[in-house]
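A single chain, nothing else alongside it, follows as structure tokens in the form predicted on its own.
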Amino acid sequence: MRRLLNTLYVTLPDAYVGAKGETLIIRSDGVKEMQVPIINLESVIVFGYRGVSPDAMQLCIDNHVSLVFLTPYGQFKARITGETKGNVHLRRTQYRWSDNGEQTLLLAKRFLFSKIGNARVSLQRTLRDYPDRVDQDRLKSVLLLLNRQIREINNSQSLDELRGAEGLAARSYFSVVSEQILVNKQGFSFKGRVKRPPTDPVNALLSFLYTLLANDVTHALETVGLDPQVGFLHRDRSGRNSLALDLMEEFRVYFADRTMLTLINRQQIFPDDFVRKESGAYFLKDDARKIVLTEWQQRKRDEIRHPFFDEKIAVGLLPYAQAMLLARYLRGDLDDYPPFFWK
């Protein structure tokens, strides 16, 4: 299993990233703030518009370090990657299977089994840990609905049927996310998932965490030689990393949603850590964003016993582990693709 490397988050609004030798140098107002050896990095995420020097871009590309640009509020703007890696046969298999209805349906089901299964575990853990602080009947009712949606997904004969069942499952799950928020309930009121733009603090936090997760999954897929743009559940759309969206379904609840709940319930993040724009959109303030990034990095360093490999790995390596299993399945080394199930 590969080593978990670091992600460099450049959050200063006037920061500029340059290069010297085998290191990246971050300057603000002409003053050097930090110097980081490129060998310690897996990716660089820049919040803001000042930019990165051509030398620094080349250093990242030469060392297979992904370089991602986000707005100061965490919305994706651009991604720079180097030469395509992996063998052509794996990608040709991926393209053929993406056009094969039977193979596409099978893989799409695997991603959604994991997504809904992990949502069930999250709700069950809340019931177990906080039985006196939640509406037990409401959570148990949603658990029954999720069981039904898993059966419907198993019986689905087309992607349209699959998406219908997944949509109902997602609506049921998000209808009780507010039950899992145990403090500051009024300030963190949540009535459902709203993406573009996020119209409350909880949706703003989820959108930010999903952006971080999407970057990690995209990089993992590229590392094992798969094309992040050609998916199975999510179909082709110009500029969309459809396979990354497929694979991140396995981690949305386990990785992003649980981090959101931790930040709120441990009172690391408060309702006034968000700014509301004239459009009605909510975004994290600068200091709060740093708290979220610190928690995200800490979460990636936690360890979990991987259910397939039966060995402990860093949580941050889960996207890579699943991308590797997907590549093995496409190559014919595995009889079936084993999605990640949280236990």
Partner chain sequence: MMVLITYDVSTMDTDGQRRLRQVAKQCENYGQRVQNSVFECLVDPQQFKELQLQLQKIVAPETDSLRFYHLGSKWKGKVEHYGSKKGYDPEGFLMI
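Here the structure is a predicted model, which is why all the values come from computation and not from measurement. Residue numbers count along the first chain shown, from 1.
There is another form of the same protein, the form predicted together with its partner chain; it is not shown, and what comes next is about it.
Proximity to its partner chain in the predicted complex, defined as a heavy atom within 4.5 Å, holds among I313, V36, I61, V275 only for V36. Proximity of K20 to its partner chain in the predicted complex: non-hydrogen atoms within 4.5 Å are present. By the criterion of a heavy atom within 4.5 Å, R305 is excluded from the residues contacting its partner chain in the predicted complex. Mapping the unseen interface onto this chain, L67 falls outside it, with no heavy atom inside 4.5 Å of its partner chain in the predicted complex. For Q297, a non-hydrogen atom is located within 4.5 Å of its partner chain in the predicted complex, even though that partner is not displayed. Just one listed stretch, out of 314-322, 276-284, 297-305, 49-57, contacts its partner chain in the predicted complex at the 4.5 Å heavy atom level, and that stretch is 297-305. Interface residues of 38-59, taken as those with a heavy atom within 4.5 Å of its partner chain in the predicted complex (partner not displayed): I39, N40, L41, in sequence order.
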